[in-house]
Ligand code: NAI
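To begin, one chain is listed below as structure tokens, in the form predicted alone.
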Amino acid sequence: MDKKKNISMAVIKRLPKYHRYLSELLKNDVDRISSKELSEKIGFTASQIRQDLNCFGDFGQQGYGYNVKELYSQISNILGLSKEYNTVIIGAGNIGQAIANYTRFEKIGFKLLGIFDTNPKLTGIKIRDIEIQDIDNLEMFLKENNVDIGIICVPKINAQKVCNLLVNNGVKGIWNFAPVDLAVPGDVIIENVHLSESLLTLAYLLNEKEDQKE
């Protein structure tokens, strides 16, 4: 447990990538893999992989490498995927619908309980057997259900109001797709996904590559 103290966010951000690649190795019936072989697949150096994993325990054996099934299980536990998380989506536009239709989330423990929107044309429509409800029903729904994560896919102007409603009704995790940084209390975890920032980063890197050619 002591090893988990003071782990950098950079290491934590790399864990989902390890989890994804190990999942693919399992599907391909790979039993074990060395840090060198994993580095060739994942794009991190073998040294970086060993350092990252060493933050959480001793998983590999010299001369043998990593047991893929065991390492996948350990990283799943580290990521908290041994639990189930009840989620709701607020905003049933393009992003909200895309998330609702992504079946892998449920496979790894994120259970979608409800979808909410302000648009009366959307209410009553079902996405994977879950009926879109009017947002006026959200507060009562939160009171009646133990919701762990709220996924915000509403316009920027409404995002903080929705966030406050979630937080005030016991939601401790916010996944925010609105293009605004939301204010939450210290006991609430928020992960902001700013799509435009990611796209602008890509534009910068493309331009930098072009500049290097000149």
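Every value quoted in this text rests on a predicted model; they were computed, and no experiment measured them. The first residue of the sequence shown is number 1, and the count goes up from there.
Beyond the structure shown, there is the form predicted together with the ligand, which is absent from this document and is the topic of what follows.
Visitor: Does each of 92, 118 and 177 have at least one heavy atom within 4.5 Å of the ligand in the predicted complex?
Guide: Every listed residue reaches the ligand in the predicted complex, so yes.
Visitor: With the partner left out here, check for me: in the predicted complex, does some heavy atom of residue 153 sit within 4.5 Å of the ligand?
Guide: Contact with the ligand, yes.
Visitor: Residue-level contact is defined here as any heavy atom of the residue lying within 4.5 Å of the ligand in the predicted complex; does residue 19 satisfy this criterion?
Guide: Residue-level check for residue 19: no, no contact with the ligand.
Visitor: Does the 4.5 Å heavy atom contact test between residue 195 and the ligand in the predicted complex come out positive?
Guide: Residue 195: yes, in contact with the ligand in the predicted complex.
Visitor: Using heavy atoms and a 4.5 Å limit, would one call residue 45 a contact residue for the ligand in the predicted complex?
Guide: Answer no; every heavy atom of residue 45 is more than 4.5 Å from the ligand in the predicted complex.
Visitor: Just to be sure I understand the contacts: of 164, 158, 39, 67, which is the one whose heavy atoms reach within 4.5 angstroms of the ligand in the predicted complex?
Guide: Only one listed residue qualifies here, and that residue is 158.
Visitor: Heavy atom within 4.5 Å of the ligand in the predicted complex: which of 135, 71, 142, 100 fits that? Just give me the one.
Guide: By the 4.5 Å criterion, the partner-contacting residue is 135.
Visitor: Any idea which of 187-195, 8-16, 21-29, 202-210 reaches within 4.5 Å of the ligand in the predicted complex, heavy atoms considered?
Guide: Careful reading of the contacts points to 187-195.
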